[in-house]
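Here we start with a single chain on its own, the form predicted alone, put down as structure tokens.
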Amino acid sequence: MHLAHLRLRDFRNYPRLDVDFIPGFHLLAGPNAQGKTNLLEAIYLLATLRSFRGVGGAQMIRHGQKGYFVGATLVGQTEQTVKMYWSIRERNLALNGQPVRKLTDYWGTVRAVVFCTEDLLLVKGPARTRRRFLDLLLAQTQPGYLPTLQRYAQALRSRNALLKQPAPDETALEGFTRELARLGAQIIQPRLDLLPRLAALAQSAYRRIAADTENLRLEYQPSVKQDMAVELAQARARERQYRLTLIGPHRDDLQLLLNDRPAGPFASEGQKRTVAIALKMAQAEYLTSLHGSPPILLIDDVMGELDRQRRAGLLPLLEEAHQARSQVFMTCTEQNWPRELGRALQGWQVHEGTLSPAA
């Protein structure tokens, strides 16, 4: 599958954009603050319905406008069209001319993996960043996972609201406790099942990038040790004290160990960046293994931050996408584009919210 056409209206600094893309490697070049990352953000939005910058829809509207539009034509075994409009008062998503009523009807239409500076939060950031990484991958690959996650989040909000009351309704509290335990098991088990395959891919990717000098290991750390319902009952006194649900998959973490030491507090900045890239490479390779073709790769100025050895470790993944006639979109400035990418590529010049083929 590849992105054949992208249409933007009042998205970030793009008043109007209509551009056709062929399969292959696309290099988006230009000075900083011209709109290169905004293009990647629009493509990622088509895949996940969220920004990889961690902002809401209002921040993606061009200054002074009421809403933004992102549209696309996707070509794979069939041709599909996506139309998305967002404003404070109106939000519309259509697939092939039909309104999308449930996210599960849309999820997986576009598969994309982004490499960006924000990926460092996978190593340095809070546990919720790593949980979101696992949940996104499972939502992309297991049709029932996203609705289960949504139902769990709704039950969790309701249970926490009860715990905040001076005298919560015990019957209602027990009902939500049973619901959390049931749904929690359906979230924890897929995460545990995913981990061995993901860990092997991440370890292999890290060794390619770091020239086999260190060992990366992933461990899932559940807050539930055996039975979630029992442990929720045992934690009831503490929960009333904190007025929060303290047990469940919303409290779990993905431990990243480099030579058996936690990467967050002990790894160097270069090692942390390598761990983050290895995780995203593992995500891309896992999606490729399931679907038979690589996802769209979005690389936001990451290559310019890596030394030659670490850039070389990324090349096999880029080559695989190139040979499979998938797409790679990479941003860079004129000064830091990776010269070792000696391949046929489509160059684009980005300037103040306009896109034109490079000379």
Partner chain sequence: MSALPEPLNTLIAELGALPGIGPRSAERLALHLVQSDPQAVQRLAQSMVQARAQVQACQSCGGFTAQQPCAICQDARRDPSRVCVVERPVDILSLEKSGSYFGKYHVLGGRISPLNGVGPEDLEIQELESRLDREPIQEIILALGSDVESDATCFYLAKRLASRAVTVTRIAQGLPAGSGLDFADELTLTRAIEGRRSIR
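What you are looking at is a predicted structure, and each value in this text was computed from that prediction instead of being measured. Positions refer to the first chain, counted from 1.
Another form, the form predicted in complex with the partner chain, is not on view; read the next lines as being about it.
- Partner proximity in the predicted complex, defined as non-hydrogen atoms within 4.5 angstroms of the partner chain, places exactly one of 76-84, 265-273, 155-163, 111-119 at the interface: 155-163.
- In the predicted complex, the partner chain sits beyond 4.5 Å of every heavy atom of residue 217.
- Remark: residue 148 counts among the residues lining the partner chain in the predicted complex, judged by a heavy atom distance of 4.5 Å or less.
- Proximity of residue 174 to the partner chain in the predicted complex falls within the 4.5 Å heavy atom cutoff.
- Although the partner is absent here, residue 178 lies within 4.5 Å of the partner chain in the predicted complex, judged by heavy atoms.
- Only one of the listed residues (238, 89, 102, 261) places a non-hydrogen atom within 4.5 angstroms of the partner chain in the predicted complex, and that residue is 102.
- Interface residue among 143, 126, 97, 196 relative to the partner chain in the predicted complex, by the heavy atom within 4.5 Å criterion: 143.
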